[in-house]
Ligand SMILES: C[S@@+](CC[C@H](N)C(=O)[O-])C[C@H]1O[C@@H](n2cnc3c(N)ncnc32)[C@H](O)[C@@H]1O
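Here you get one chain, nothing else, as structure tokens; it is the form predicted alone.
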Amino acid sequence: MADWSPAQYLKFADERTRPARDLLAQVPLSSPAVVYDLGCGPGNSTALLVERFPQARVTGIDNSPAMLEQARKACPGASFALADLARWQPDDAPDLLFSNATFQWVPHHLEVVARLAAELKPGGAMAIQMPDNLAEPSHRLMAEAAEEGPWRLKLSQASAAREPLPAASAYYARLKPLFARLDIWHTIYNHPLNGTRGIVEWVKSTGLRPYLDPLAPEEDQAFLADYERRLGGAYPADADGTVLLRFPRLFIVGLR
């Protein structure tokens, strides 16, 4: 896929940072020395870690040069490195591995998470949050639009870019032997957005990327129009034009 767009992603900076705040509030550490932000994006989650743990050496890891460029500007109190999490290994044994909305993009991520959990220091923690929203209309309808439009041949492999998350029980069974304590839960956020256009703008920087990247500009606009039309039937607007985007997320916090 093409590189990520920090500007598009940060159009909803507060909403995208809120789960990171909620995840960080459950981290049971007081003074970790070595902290990694895995999939740090534009640095919004990294800034939370630097604020919470000012004594720590915080390093953001991402595979997007554009996101890392933005992160370095936004969070000078941390260091950053370009890497693919599927193969990345920490330079130093971590006290905290933190990840906000990243591992859903990593193939076979449960095994990657287990491998990285084994790198934690004794008493260290792993805290992960991932969207669990592929069954929501916002994502079902983009897949339908891809399958039914004139662009279907170009987009026949697009949905393979991200697989549904395993059940919570699968995470628990695989990760429990690695932790002294393991908590797994779901939270459903309901984000008020400016009509179906707001939903389109939200997912343009994330879920829509595998569908838009293969299309020519004129196809891109036609696809978005078709997708937005479909959204209208699933997300009725209030009198003021607001729609609620239901957004389930999976949270995992483990303590070694």
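One-based numbering along the sequence shown. Values in this document were obtained by computation on a predicted structure and should not be read as measured data.
The protein also exists as the form predicted in complex with the named molecule; that form is not presented, and the subsequent description refers to it.
Of the residues 83, 173, 182, 110, just one reaches the named molecule in the predicted bound form with a heavy atom at 4.5 Å or closer; this is 83.
Of the residues given (97, 106, 141, 165), 106 alone sits with a heavy atom within 4.5 Å of the named molecule in the predicted bound form. Shown alone here, residue 155 lies farther than 4.5 Å from the named molecule in the predicted bound form, counting heavy atoms only.
At the 4.5 Å threshold, heavy atoms of residue 59 stay clear of the named molecule in the predicted bound form, well away from it.
In the predicted bound form, the named molecule stays beyond 4.5 Å of every heavy atom belonging to residue 200.
Taking the partner from elsewhere, residue 32 is found to have every heavy atom lying beyond 4.5 Å of the named molecule in the predicted bound form. In short, of 84-92, 114-122, 69-77, 145-153 it is 84-92 that has heavy atoms within 4.5 Å of the named molecule in the predicted bound form.
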